[in-house]
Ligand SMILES: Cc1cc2nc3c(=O)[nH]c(=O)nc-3n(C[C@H](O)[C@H](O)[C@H](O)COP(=O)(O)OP(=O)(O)OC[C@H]3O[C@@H](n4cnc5c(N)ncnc54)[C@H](O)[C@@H]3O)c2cc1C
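Presented below, as structure tokens, is a lone chain in the form predicted on its own.
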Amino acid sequence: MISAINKKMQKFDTVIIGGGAAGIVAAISARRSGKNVVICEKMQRLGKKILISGAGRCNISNLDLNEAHYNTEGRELVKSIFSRFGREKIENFFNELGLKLGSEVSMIFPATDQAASVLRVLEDELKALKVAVELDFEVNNIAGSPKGFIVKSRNGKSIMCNTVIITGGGKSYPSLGSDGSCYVLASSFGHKITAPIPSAVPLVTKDIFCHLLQGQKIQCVAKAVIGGKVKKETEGELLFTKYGLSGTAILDISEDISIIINRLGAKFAQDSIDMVPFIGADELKEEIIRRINKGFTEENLMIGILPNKFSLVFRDLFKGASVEKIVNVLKDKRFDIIDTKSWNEAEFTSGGVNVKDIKESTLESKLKKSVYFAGEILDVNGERGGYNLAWAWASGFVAGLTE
């Protein structure tokens, strides 16, 4: 990579703060439009979170890419940006870099199935465009000057520029650089921050089911229940753990629960789990009665329907239970959720820079001219399935145009 800083402070057209998905694409976009660009990245390399995305496969986008898959607060902004740089343009962007793509269900992955391939073609384009990169450059201040801005790092280095694009990410996986430090920079320009909370995150509950079944996976229907009302429902994998619940179904409904616990301070919320979604309640009742009449022991009552480990549950928890109780628990087991796991286990951030103060068409701040935002630092978050990376690519590209 090309270093930006010599002994004399240099000036650039555009400084991009954060070298993740949004920052890299913003740099490419800005450079292609003729800007002299530098990326300031606090870590020792660019794109570390790209490498772990999609379990190392990098779920680039989704065939059903539209604003409906994002949080309510961010939808108008997402709609505006995707109208300029949507799914086809994202795919064309990567195809032009030499990355071949394929789809799995509705999700779009690199043909290599390797996130490293995605980062490699992006880094090669930065080199080809001669984009300057400063690593180990943690920005702690952006000062106004008569000629634009002076971007300062904790180690005393400074860069002058006309335009700043802040793409420092949210707070998920802080060990990879996203620790929320850029919220302070946004606040210095008067931007309000919606309290960031972990999203797509495992949930904590003290329930004997989890103790007896830890390590067991099942397919289920999971519902987030807030104040007795179902907020979100999804079907997928459930993993019982020693601390509570994980798996794709749990991650997909976790945001509403995380908001109520981590942002609003509620003591608990509930998960409703249908552990046998492939059997209706009436059919399940009839099957249990048939098995009891055939002499099945309580311990073996669900053999062939649920994994063998559930014998522990029936042995310890269902002695003398009525058929109605068994059916009710299996079809609507309520787990009291008392917490979520930490930022180190959260895939995404919910919250960030309030989108009301961001221009929809350009992502420029309404409060400070020539300051732009892109990626997860904004209060925009999507469902799992490539939506968050798609937002990073699209918002980065549009912000890089700095119109």
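A residue's number is simply how far along the shown sequence it sits, counting from 1. Just so we're clear, the structure is a prediction, and the values are computed from it rather than from any experiment.
Although not depicted, the form predicted in complex with this ligand is the subject of the following passage.
From the list 332-340, 351-359, 56-64, 29-37, the contact stretch for this ligand in the predicted complex under a 4.5 Å heavy atom rule is 56-64. Candidate site formed by Glu125, Val371 and Gly400: none of these residues places a non-hydrogen atom within 4.5 angstroms of this ligand in the predicted complex. In the predicted complex, this ligand sits within 4.5 Å of a heavy atom belonging to Ser178. Proximity of Ile52 to this ligand in the predicted complex: non-hydrogen atoms within 4.5 Å are present. In the predicted complex, this ligand stays beyond 4.5 Å of every heavy atom belonging to Thr14. Although the partner is absent from this view, Phe189 stays clear of this ligand in the predicted complex, with no non-hydrogen atom inside 4.5 angstroms. Contacts of stretch 157-175 with this ligand in the predicted complex, defined by any heavy atom lying within 4.5 Å, are made by Thr167, Gly168, Gly169, Ser172, Tyr173, listed in sequence order.
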